[in-house]
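Given next, in structure tokens, is a single chain: the form predicted alone.
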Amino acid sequence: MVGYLLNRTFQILLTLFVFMSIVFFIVNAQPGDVSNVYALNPDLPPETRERLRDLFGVNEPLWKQYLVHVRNTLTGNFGVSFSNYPRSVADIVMERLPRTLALFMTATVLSFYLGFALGKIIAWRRGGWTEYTSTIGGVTLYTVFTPWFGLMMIWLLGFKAGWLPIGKFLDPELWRDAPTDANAVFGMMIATAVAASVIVFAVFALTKKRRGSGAALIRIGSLAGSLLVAVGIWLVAGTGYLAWDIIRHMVLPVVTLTLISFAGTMLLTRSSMLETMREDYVVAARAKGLPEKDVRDRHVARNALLPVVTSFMFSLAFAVDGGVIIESIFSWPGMGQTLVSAAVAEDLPLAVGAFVFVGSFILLAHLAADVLYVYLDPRIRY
């Protein structure tokens, strides 16, 4: 296993280098440079624009810019953003990344759980009204025009019903005298969620061989305890009302993303389970007289989970770049809007840095999926 991980790490680094190079040349292939932003400004003389081009290094030959880009990337320095000068690319990414992670990872986890649960049900009970309703509803939402659906959610739940705030990610009046900034609150929210998830996962792993109401009570207790501890931490910190404001603004985009995304996991789970149900060990488990729930969850669903886990890990990785459409509709200032604004302003360092950051997460997701395969299926060995 150690040799495999070392080999995969080398492959990841090589792939990341190739990806970084391709992104650099593709982004630089577009016509113009950052000075085009100031080209229509009559108060800016041509010599000033030339000095700007010299300052940002876009006057240098392409090969020289590429070598500088490689050196900066290898040293963890992606340079200075043209459109946000003098802020560094790393500083901007670290500012926008927690907002995207909090929003899209929440939606991804919810859509995965909903899709996997429904996929198990409709695969095990074929031909019923549950299968037809879930499949038709899921496919309809999966293929719906996302901008229209997002605007309808805002109109129905935000404007007409008035249940949820419309747009942005916080209430400016509430945050005017806040004791901390939004990024600190986002970071604490993510840390709290990760800690609670680790505790719950550990409890589920320790009780996976136990059956009956005792194991169920332990698991429910761990969920409730983690929630109470998280609430207690926020109350002690004195910033719980700020986190609640962010959560209220997250509800609309999270619900929208969950509804349009769960069908993919549901249909993949259904297809994988139907294929697994034909295996000999499933027939043998039924012949032994095992309860249907054990056959479904311990023999069929666990082995059918492998392609679903792959899809889930890639979804988490791609969530880092943020949904450009969703972030634009809900005015969520995350990585998606950052990439769009960088491309429009021809901010090459910011665009390249953001793409390389996303590519790194995707490659790490590949490695995490391979490691999870060993845990989910003991027959797999590297």
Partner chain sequence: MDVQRAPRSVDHSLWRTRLGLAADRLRENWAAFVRARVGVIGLAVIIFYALLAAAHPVLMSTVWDESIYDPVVGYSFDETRQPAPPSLRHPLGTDPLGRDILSQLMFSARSEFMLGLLAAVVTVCIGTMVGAAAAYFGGIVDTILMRLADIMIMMPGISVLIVLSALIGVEHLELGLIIGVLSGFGGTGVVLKSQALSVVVKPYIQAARVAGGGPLHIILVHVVPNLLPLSFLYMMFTVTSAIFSEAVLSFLGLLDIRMSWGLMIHTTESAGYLTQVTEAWWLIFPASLSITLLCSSFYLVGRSLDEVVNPRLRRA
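Numbering follows the first chain given and starts at 1. Here, rigid core means the biggest group of C-alpha atoms that superpose within 1.5 Å across both forms. Quick caveat: nothing in here was measured; it's all calculated off a predicted structure.
Form predicted in complex with the partner chain: not shown, discussed below.
Site residues Gln11, Thr135 and Leu274 are all in contact with the partner chain in the model of the complex, judged by any heavy atom within 4.5 Å. Proximity to the partner chain in the model of the complex, defined as a heavy atom within 4.5 Å, singles out one entry of Trp163, Phe204, Trp155, Trp244, which is Trp155. Though the partner chain is absent from this view, in the model of the complex it lies within 4.5 Å of a heavy atom of just one residue from Gly238, Gly232, Pro147, Gly221, which is Pro147. Only one of 71 to 79, 106 to 114, 247 to 255, 147 to 155 places residue heavy atoms within 4.5 angstroms of the partner chain in the model of the complex, namely 147 to 155.
When the partner chain is considered in the model of the complex, Val139 lines it closely, a heavy atom lying within 4.5 Å. Among residues of the shown chain, Phe19 is one whose heavy atoms approach the partner chain to within 4.5 Å in the model of the complex. Taking non-hydrogen atoms only, Leu267 approaches the partner chain to within 4.5 angstroms in the model of the complex. Contact between Phe355 and the partner chain in the model of the complex is found at the 4.5 Å heavy atom cutoff.
Shown without its partner, the chain has no residue in segment 281 to 299 with a non-hydrogen atom within 4.5 angstroms of the partner chain in the model of the complex. Fitting the two forms on the rigid core leaves the C-alpha of Arg87 displaced by under 2 angstroms between this form and the one not shown.
Superposition of the core reveals a Cα shift of 2 Å or more for Arg126 between this form and the one not shown.
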